[in-house]
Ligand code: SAM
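What follows is one chain in C-alpha cells, specifically the form predicted on its own.
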C-alpha cells in the first residue's frame, strides 16, 4: 500500500525515534512497520496522533499499543518464516498485520473477544488482502486448540498468570510472550522445553488492558 505523503515523514520520524531508543533494532520489523502504516488501524478521531509513541483508544475500552511496545514485542517473539502463530487480542489488527509480514508463508491465528473490535480489525486487515491471517471471534484465554500446536503465542493483554490452555497449545521449543501482573505488568518471554517452561526475558513497567475471558478477568 502506498502511504500518503503527509504520513510518510511522520512514520520516518517515528522509526528513527524507535531506533534511537533501541526499541527497534530488527530490519524485518522495520519493514513490517512500513508495510502496515499505523494510521490504517486507528479511529479517524485519532489520526492526528497516529505516529505518536503512545497507546491510542479504539473502542470497548481497548487500545492500540504504543509503537515502542509493538516493536519490542515483535522483536522478542523472534518470528520465523513458515511458523504457526497464535495472537490473543486482535484489537485493531495492527500487531496482527505486523506478525503476518514477519511469518511470511506461515499463518497468524488471532482471537478477539469483542464482536465490534473483531469487525474493526477485519475491516482494517482487509485493506491489505492478506492470505495468512485468520481472525477469530472468541475467548482468547482458552486459546484455539484446533490449529495447535503453535510455534509462537503472543498475548496482547495483561494476565495475572499465563492461562494453562495456552501453555498446553505451545509447541516444544516454542515461545510465548505476555504482559504479566495487575496494575503494572512485566513483559515475560517464556520457552517451552522437554524439561518444562523456562523464562528467557523479563522486563518491568508495562501497562496493558486486562485479558478477559474464562482464564482472565471476567467481563
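Positions refer to the first chain, counted from 1. Just so you know, these numbers come straight off a predicted model, no measurement behind them.
Same protein, other form: the form predicted together with S-adenosylmethionine (SAM), not shown, and the subject of what follows.
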message: in the predicted bound form, does residue 100 come within 4.5 Å of S-adenosylmethionine (SAM), counting heavy atoms only?
response: no
message: Is it the case that residue 79, even though its partner is missing from this view, gets within 4.5 Å of S-adenosylmethionine (SAM) in the predicted bound form, heavy atoms only?
response: no
field: S-adenosylmethionine (SAM) contact in the predicted bound form: residue 141, any heavy atom under 4.5 Å
entry: yes
message: Please determine whether residue 63 contacts S-adenosylmethionine (SAM) in the predicted bound form, using a 4.5 Å cut-off between heavy atoms.
response: yes
statement: Given 114 to 122, 127 to 135, 100 to 108, 144 to 152, the stretch touching S-adenosylmethionine (SAM) in the predicted bound form at heavy atoms within 4.5 Å is 114 to 122
- prompt: Taking S-adenosylmethionine (SAM) in the predicted bound form, which residues of 153 to 174 have any heavy atom within 4.5 Å of it?
  reply: 156, 157
